[in-house]
Structure formats: C-alpha cells, structure tokens
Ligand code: ADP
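Before any questions on how it binds or moves, here is one chain, the form predicted on its own, in structure tokens.
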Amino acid sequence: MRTAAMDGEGLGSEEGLRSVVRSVWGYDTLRPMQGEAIRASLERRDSLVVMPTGGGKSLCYQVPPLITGKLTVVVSPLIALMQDQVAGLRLSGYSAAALHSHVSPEEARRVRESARDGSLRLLLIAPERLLLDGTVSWMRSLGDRLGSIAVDEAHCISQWGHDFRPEYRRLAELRAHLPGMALHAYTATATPRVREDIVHQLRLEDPLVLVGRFDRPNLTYRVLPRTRVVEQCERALSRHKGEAAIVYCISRRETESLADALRARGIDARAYHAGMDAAARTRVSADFKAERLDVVCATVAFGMGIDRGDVRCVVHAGMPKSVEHYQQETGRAGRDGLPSECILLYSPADSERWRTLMERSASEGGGGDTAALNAQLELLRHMRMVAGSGRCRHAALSEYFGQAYEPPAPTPAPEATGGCGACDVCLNELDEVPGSAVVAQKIISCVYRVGQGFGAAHVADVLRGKATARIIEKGHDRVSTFGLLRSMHRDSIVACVHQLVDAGALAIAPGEFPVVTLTGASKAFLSGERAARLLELPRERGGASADGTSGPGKRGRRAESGVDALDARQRELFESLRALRREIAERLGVPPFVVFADTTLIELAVSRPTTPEAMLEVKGVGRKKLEQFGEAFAGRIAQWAGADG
C-alpha cells in the first residue's frame, strides 16, 4: 500500500502524516500528542506514551509503518483485541496480521513470508510468543525490514500497576536480542510511579515521555451507596435501551445471579467470567461485539479484549480493587467520544472483601511476595478514598494520576453547581443530610451501645426504632439510641454509616459478615471537635430516582451531543444505518464497529450524503472503506432523502 507520504511529500511532515491518516482512516487531523509520538517512532527514539482509553494510542504505532515501509511489531496481551484490530485495519486496506495460539501453522508461515517479502506493515504478537527463541531469531533475520517494536498495555510490566504480568518483565531481553531497535511503550493508565517503573523495566534509553490528559470529559460519573443492586442496575440500564452496557461484579457467582435477575425483569443480560467454559465465553463475547447482545454482567475477565466503541453505560455493582482498574473499566464506555454514563454502586465492605481475596491469593502462592501484596493493598486503599470522596469525580481521578483537573468549556449545565458538569457532585444530585454533625454523633453512639458487633443494617434498624426479633433478643430496643433517627430511611442511615467509615469515624471489621466498629477518631466526632458532612441519597427530583441511579439530563451537560442530539428523523436514519452496518459486518464476519464507528453514522445521519464521493467529507470514511461500503450507505441515505420528498 502506497501513500502520499511515501511518494515524496516529506518523511513525517505534517502534510505527510495528515495524508496517510486521511487516506486510510478518513480523519483530517491528529489528536493531541499523536504527531509527537509518531515522529518519535520515525526518528527511532524510544518513547513512553500515556493516553486515556479512546485517546488514539493505536494510531501512534499504526501510522509509521505506512511512511517508512518497514514492519512494526506490537506486543499485545489479548487475542480478542488482536483479532479485532487486524480485522479493522484490513478493512481499511492496511496490511496487518497477528501471531497467537489460535493461529494455525500454515497461517503463521504465510505471516512470516509476508514480513520477509516486505508486504506486511503491522504484526501483533503475544509477549510469551515473542520471547520464544525461534521468534526472536526470525525477527533478527528480518534485518532493516523491521522498523520498531511497540509494547501495548505497558503498565503490565510494573508490579505497581493494576494488571502486573510476569511475562512482560522479560521484554527487556529484547535489548540484548535486537540492539539498537527502538522501543515504544503505550498505556492508558499509569501513575507517575508506574511510568518510572515502565521506563526502568523496559530499559528505555532517553525516551520521549508523552502524558495526555487522563480525564474523559464525555463520561458522567456517579458514585452511589449500594442498596438494592438489581433495582439500581435496572434503572441505569433502562436509560440506555438498545445501547451497549457492561455491569462489573466482584465474584463469578454475582455475575450469574445478577444476569438472571435482570433477565427476569425483561433486560437481555448474560454473564461472563473466567469460570465458564471457553465456548460459552466466546459466544457471549461474539454476540456482544456483533451487537446481538447489549448487556453483559461480568468480572474483570471481560472487557480488555473488547473494543466495541459504542458502550454507553458501565455499572460497577461492586468497588474495583484499584483506581487504575476503575479508570480502565469505566474507560470502556464512550470510546468513540460520545456521551456515556458510569455508575459505581459502593459499599466500604467491598474493601474488606478485596483484602481477604488478596491475602488469600498471596497465601496460596506461598506468601513470599510481601511487596506485591502491599502494593495491591495500597492500590485498594486509594480506590476506597476515591470512591468515598464527596469531591468532583473528574477532579479526583485526574489528581490521582498526577494531573490538576481543568474543567472543559463551555460553562457547565444550568443544574450544575460548577466544576465538571458531568458527575453527581457537580450536577448537584447529592444533598447534605440536615444536621449532619448530630446525625453522625447518634450513629457513632449507637455503634458503641450495641457493642461494636453488628453490621450497618442492624445499626440502622436500632436507630429507626424497629423492634425486630433479633433486636429484642439482643436487648437493643432498650439502648439509649433506639429510635433516635425514626424519620430517616433505612437505606439513608446505612449510607451515612458507610460515609462515616470513609471519614475515619467508624471502621468495618474484616470477616465474612463485616461489623461496624469505632476508631481512634470516633471520640473527636462525638465531642464535636470534628464534624462530618454526610450526603443524602438522591431524591426524586429533576429526573433523579430515589435510588440515585438517575440524574439531571441523564448524562450531564454532554447530553446535547451524540445520538441524543439527533432529531426524530435523524435518529430513524441512524438506526437504519446501524442495521445496515450489522448486515455488512455479519457478511464479512467482523464486529460492526470496525465497519464504521457510531460517530461516523451520526455524521452520515446529519449530513445525508447521497453519493459515495460525498461521503469522503465525513470523518471516519477512508478510501478503502468508501470502495467497499460507499454504494450501500449512500444508497440507504438516498432512499431516506427520497422519502423526505
């Protein structure tokens, strides 16, 4: 495949880069930092590129081979992601291939031949396969036909990262096997500490370090006390009918029970976890990518290999074990840049569940790697702090990754109090409990009166004056705090208990049945030396539901873009184009999003080009895709234009 940049417009010139991107991917401009990252590759300079999910990392290593005419080898840990990336590139007329365990010996031979004859531009390969003696010697034999090596998901090399993989540590051996070869590391989630570790572990030499904005302004974040999980999930998903959604659970059992409960309520949801047989997992994954299934209840095992760009909702039914996991998993929403919603149903008890799982795993592994366990526990502590914060969610996430938060223009929505305009705090969805300080004192006192041996729900029932059989049996109907908060809803009291845990006024004792206990700071809150700010569950107002899973404007101030901004007729055309995309994808055996992204379909529905050539003005329509799909899409649009008279 030849490009304008290869035909004399200047190696790596601005116009040369734009020409390649326009011809292959159908975009006129590069995103921030993409040009710098591409030039680092062209100049054979080591680099570390940190961009948020959906920020365009892959383009940074896909463009250089088209300019240099040399092969780039990309280390990628996930087969599903390799397959989708190769399928998408080939549809764009790009010569790409992958080597992994599902590739037959015959196909692997053809891939090696195309690399040797110079026709292959991009090769994706798993880290364990890359380091086999035969693979390394074959790569050495390519000589100057091999241009560079890119390491995707580079955070996997650091034990301070959220997804440490021991096989990534061996990638540094490439320095000895391929001296002088440029290495480029890419990741979406890396704190300053992890970035330093990546540079050290990969032995990057004087690397260009590019760190993008971690904030995802198109996402609206909500962190809500977990009360009635099934109902909370149902409400969230009902706002995204016909749109893709992922519900993350901590345990395998929870994925199955939640999927069953949602199906019973009319939502077609299926479970996905590592304990399922491979065929069942493949079916769920394939159906989700093909848009035959929109809702998946999953453990963290699902998602990294899923590149579906139109996920509009991510719900965490339990707290993730690190901020990096949370950032990565919520980052699967709105990869195409369109407005999407992220909801975390939170309980401090999740922290103790994760601690128990981590310690058990360390013990079963011999218990020798204390440093790794401590690193995991430190990440868990940070996640709990972020989840329990009453601050702007966008600001809290940005600052965790070492960046000051910069609210985007324009001015936030009218219902927002300021800040991001796209989280429950800044959208003013959370009110302070009247008399927070006194309510906190009554709760802390009740925990003391019942002997620090009961859970949050029991404490709430005592405070509400519920004479249950258990309360009477324990004599808790006779304690001085019995009935002190009769007017408060049970769920609201439980939520306040959790917030006091996050404030350090109370603690959750570890165990299968977590109980609420006092802390060293409890006395300061009781005496009034310290005051607690407790937030109420969202009320039924302005579109917000009593369980807090809804909110003003559904997606904050960004609801006026994307599909939500289409009028009725445009929306009908958009859905018709989606159906056409599915038909084409099924015929080709590829996921629909590799044909065209939703952003492209939206622009087609608005501009309505009725000839293939006119479609070239639409972002995401490159020359090769125009040749393959232009007639079909322009024809469908022409039908609608005719129907409009």
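Being a predicted model, the structure only gives us computed values, none of them experimental. When you see a residue number, it is the position in the sequence shown, counting from 1.
Same protein, other form: the form predicted together with the named molecule, not shown, and the subject of what follows.
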Quick one: is residue 59 in contact with the named molecule in the predicted complex, heavy atoms, 4.5 Å cut-off? yes
May I ask you to state whether residue 47 is within 4.5 Å of the named molecule in the predicted complex, using heavy atom distances? no
With heavy atoms only and a cut-off of 4.5 Å, decide whether residue 335 touches the named molecule in the predicted complex. yes
Going by a heavy atom distance of 4.5 Å, is residue 608 a contact of the named molecule in the predicted complex? no
Can you pick the stretch from 610-618, 573-581, 26-34, 64-72 whose heavy atoms fall within 4.5 Å of the named molecule in the predicted complex? 26-34
When the named molecule is considered in the predicted complex, the residues of 39-54 having a heavy atom within 4.5 Å of it are 52, 53, 54
